[in-house]
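What follows is a single chain, given as structure tokens, in the form predicted alone.
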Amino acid sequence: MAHSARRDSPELPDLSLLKRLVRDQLIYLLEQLPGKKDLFIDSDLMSPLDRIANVSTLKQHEVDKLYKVEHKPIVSISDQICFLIRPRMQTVKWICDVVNADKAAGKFRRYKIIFTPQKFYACEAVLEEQGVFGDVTTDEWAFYLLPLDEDIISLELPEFFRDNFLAGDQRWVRTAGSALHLLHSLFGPFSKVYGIGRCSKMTYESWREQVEQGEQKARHAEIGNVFLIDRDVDFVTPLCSQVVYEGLVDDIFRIKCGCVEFGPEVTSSDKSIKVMLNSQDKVFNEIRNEHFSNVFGFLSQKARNLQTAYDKRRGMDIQQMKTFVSEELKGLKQEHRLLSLHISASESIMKKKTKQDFQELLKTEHCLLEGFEIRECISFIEEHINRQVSMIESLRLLCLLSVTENGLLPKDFKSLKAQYLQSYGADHLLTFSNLRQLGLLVEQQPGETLTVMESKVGKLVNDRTAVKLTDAFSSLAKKSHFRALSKKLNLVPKSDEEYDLRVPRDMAYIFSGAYIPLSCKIIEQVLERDGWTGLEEVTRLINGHEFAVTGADPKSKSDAQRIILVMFLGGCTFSEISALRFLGKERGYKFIVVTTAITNSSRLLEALLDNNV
């Protein structure tokens, strides 16, 4: 059932060290404010903080009460208040209001603001403007990285995607560079760094700057190679429906900080249950990367094995029974509980997906990826919009159509846009503007048909002239070259042969054999070629900013050379993580995925919505 791994797979470094470091630093910062204090925490820091230091740890360090930042007057009666926040202007202004309200009421308290992962000058400027700079002390908690599992690390910065790619705000680039620097100082030095995308290039430069400023220590490397990739290099993959188990659980139940809340429909009771999804959960670990069609077969086999293990106790004497109860029973009961939860979750997924005509939806997606029956696909999308099935789903299909077709024909664009706005409201006009800016939903411009001739032109003139012509074409608009990339990299396997999802032959299994994720294919090709040589056409179509830099001792044949750190700037999906795990097993690599946040089609598009007019 599980994919057969190469026997010589290297061992992954111990990422729990990252947790210990940030926990110790937080305790140190809290102790800087001696005595009892109340702690106000930014709402989106609640879940990450819970993974680092639980309530009892905070209580041990004289935190009296915990509150969530809610941007309204506070009810705390403590004379010491600590704020643990992201560096956002709105939150800092609220803190200024709290301090000024206390001053007006004649209350004297001590205030400490801990910014995480770093403080920005703009935040201090607000404190100064509001006249409270001298009343508060500020500090930084360098909480850059949260290990979600043994091979996944998140910066937990979902706003990175919108801020960087839509607003052009590069303040988080330094944060990403610092995160890379931390990994380098703990598990480096890195032998090779590859990257593609403008943000990746800036992150690399920020990291190099920090390395040059710090002192170099000779160490035995635990991570050999690093690959940085921007989310806008590949928008097709996050727009596709996920069909591996972990991806489906994320799409339907929303995994937050490595934890999922299963509601009454799964637990068969009035209560919801929070479950940590990681490699410690033996049942989940074996099905997380599997195509959903294989999951029920595996779970029923697991149930039979569990029953056999329970049946062993029949005919045992007292001594054997004692050993069984003390050593095995607890583990079996835990496994039984998790198994029944995952069976219920799978049934819930099945009900939801059959209700929504999931097969028809997947067929439409596969046609879009292959470039077949586009008119039928457009009719399906129109019906989806007019039936008002789901605002985000309709938008996702529109974007997938646009990105795979290199933009929509003007008449299709106008018609689909008008139907969408009639169905879901004219306040989505700003959303369409955002999507156009990112090249996710665009109208083909007159003259863009020339792009079809690019390859022919390239054969007739020398390479240099062809590059100039291509640059002129690509400056017309920010657009996708998915068809050309798909052909060049063979992203869509030939559909004439049967694809056995039980024995996957390539990374396409994560999309039912219909499509190999572009991001993962690029990583595979660069590692295979040891650089970008031979991929010039691909980087040109992506609008490059690619780089490959050799660092410390690249010829070292240690296990570290087969551990590859892949950093996704702008988010990464569970499907891509599954694809990289598969690639690692095939090639004898181990991948560690670092991402600014875990994303999927809904999160990606919700970040671009502007319908609150």
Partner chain sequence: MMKSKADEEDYWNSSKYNAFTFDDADDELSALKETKKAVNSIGPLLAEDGEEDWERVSWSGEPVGSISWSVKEMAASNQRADREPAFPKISTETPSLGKSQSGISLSSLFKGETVIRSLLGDPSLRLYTPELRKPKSEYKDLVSDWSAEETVQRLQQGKGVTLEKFRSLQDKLLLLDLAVAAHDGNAITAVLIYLKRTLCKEVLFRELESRQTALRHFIHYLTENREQRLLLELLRALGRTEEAALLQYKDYKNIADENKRRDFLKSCLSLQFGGEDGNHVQDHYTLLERQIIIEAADRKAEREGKLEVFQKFPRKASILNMPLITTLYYCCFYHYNEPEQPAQRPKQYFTTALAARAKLKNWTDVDAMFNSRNWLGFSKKKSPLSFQRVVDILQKNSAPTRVLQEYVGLVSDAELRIGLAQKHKCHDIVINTYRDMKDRQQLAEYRKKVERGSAEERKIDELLSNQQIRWKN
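Because the structure is predicted, anything quoted here is derived from the model rather than measured. Residue numbers count along the first chain shown, from 1.
Just so you know, the form predicted together with its partner chain exists too; it's not on screen, but the next bit is about it.
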field: residue 253: touches its partner chain in the predicted bound form, heavy atom cutoff 4.5 angstroms
entry: no
- request: Answer for residue 54 alone: is it within 4.5 Å of its partner chain in the predicted bound form, judged on heavy atom distances?
  value: yes
message: Quick check on residue 285: any heavy atom within 4.5 Å of its partner chain in the predicted bound form?
response: no
- request: Examine residue 394 and determine whether its closest non-hydrogen atom to its partner chain in the predicted bound form is within 4.5 angstroms.
  value: no
statement: Of the candidate stretches 537 to 545, 225 to 233, 424 to 432, 147 to 155, the one with residues having heavy atoms within 4.5 Å of its partner chain in the predicted bound form is 424 to 432
The unique member of 524, 405, 139, 506 whose heavy atoms fall within 4.5 Å of its partner chain in the predicted bound form: 139
- line: If we test each of 445, 386, 490, 279 for a heavy atom within 4.5 Å of its partner chain in the predicted bound form, the one that passes is 386
task: For the stretch 143 to 170, return the residues whose heavy atoms include at least one within 4.5 Å of its partner chain in the predicted bound form, in the order they occur.
output: 163, 165, 166, 167, 168, 169, 170
